[in-house]
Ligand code: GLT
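Shown next as structure tokens: one chain only, the form predicted on its own.
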């Protein structure tokens, strides 16, 4: 880190709403075709390391820290109390909790399966996650319905499945309102996270746009409580533009939470660290979010590579991910006030000054040279990304 330069200190990192997931730091390097390459690590050590780095917020699935058979029991209370003590000891806060409704065998046919007892168990898990969230002082609850779908054609009734899934979310929101009123604190913000494929072959809510339609479908009793947690790579996986998906969520007033990482279009969910694949696109994403006032969390939902040692996870992987984000966020501020970009966008918005806007030929001729500014803006963004706007040049 010292050799690379450009690292920020703990106090600087604290100024940004960056959260570190338990599952990301505890990832052992395993996958469908891969054996683990790192030892397991508990939440106490994860929080200690995050605290040293300067990651102020911590996020978790329920079963990342509480065994499935302990949920809703006295053991859960004991574990949650230990979590609260660890958070306080490391000057951290829990910002988000999420329910694991995809890994356990009980979810083989999804949390909205035909079996009513599966659906009742799903409601218990969602309500219990709300309880955990309030107990830990969280602000957000996230739900990833990756197992909501099918492997073979005709296996499920899609309409019934979506209605059953809504019932689970309604149970979570009802429980939230009950607990929030009892504790005298605001309700949680409930966030849906889309993914186009994996683990099911066909997923019923594969994109952020699909989830916006679901929220507005009339199936939710408290749609105002439910928004989105887009993940950068999940949008990229199906060939979309993450910036455009985020823009649509902003327009709808539903961008509550944002999982940040990187990867490749139309590929596996590799969850690479932010901006290691698409730094220019990431700069554009953050320009959009800064311009339109997004002030929610940036959750480091990525997996340190299997080639990274346990030492490297906390000495290289997470510090550099945080610092790349901070650098790009501040670059995005430079973009917003850059005089060349301001002049170019101002000229484009002013138009060619044609007196009669019904004359298509005249309008096209008047704007033809102006439209060249699109490429100039893109070049200027590249200059800012590499520091060329500050006089950096490459001479041979």
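Residue numbers count along the first chain shown, from 1. Please read all numbers here as calculations on a predicted model, not as lab measurements.
Omitted here: the form predicted in complex with this ligand. The next part is about that form.
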**Study point:** Joint contact, 158, 167 and 214 to this ligand in the model of the complex, by non-hydrogen atom at 4.5 Å
**Key:** no
Practice item. Tell me, out of 102, 150, 298, 314, which residue has a non-hydrogen atom within 4.5 angstroms of this ligand in the model of the complex. Key: 102
Practice item. Work out which of 323, 131, 262, 193 lies within 4.5 Å of this ligand in the model of the complex, going by heavy atoms. Key: 193
Check your understanding: Hey, of 174 to 182, 75 to 83, 193 to 201, 121 to 129, which bit sits against this ligand in the model of the complex at 4.5 Å between non-hydrogen atoms?
Key -> 193 to 201
Check your understanding: For residue 61, is any heavy atom within 4.5 Å of this ligand in the model of the complex, or not?
Key -> yes
Point to revise | 4.5 Å heavy atom contact, residue 209 and this ligand in the model of the complex | key: no
**Study point:** Any non-hydrogen atom of residue 112 within 4.5 angstroms of this ligand in the model of the complex
**Key:** no
Check your understanding: Taking heavy atoms and a 4.5 Å cut-off, does residue 269 contact this ligand in the model of the complex?
Key -> yes
Practice item. For the heavy atom contacts within 4.5 Å of this ligand in the model of the complex, list the residues of 120 to 159 involved, in sequence order. Key: 142, 144
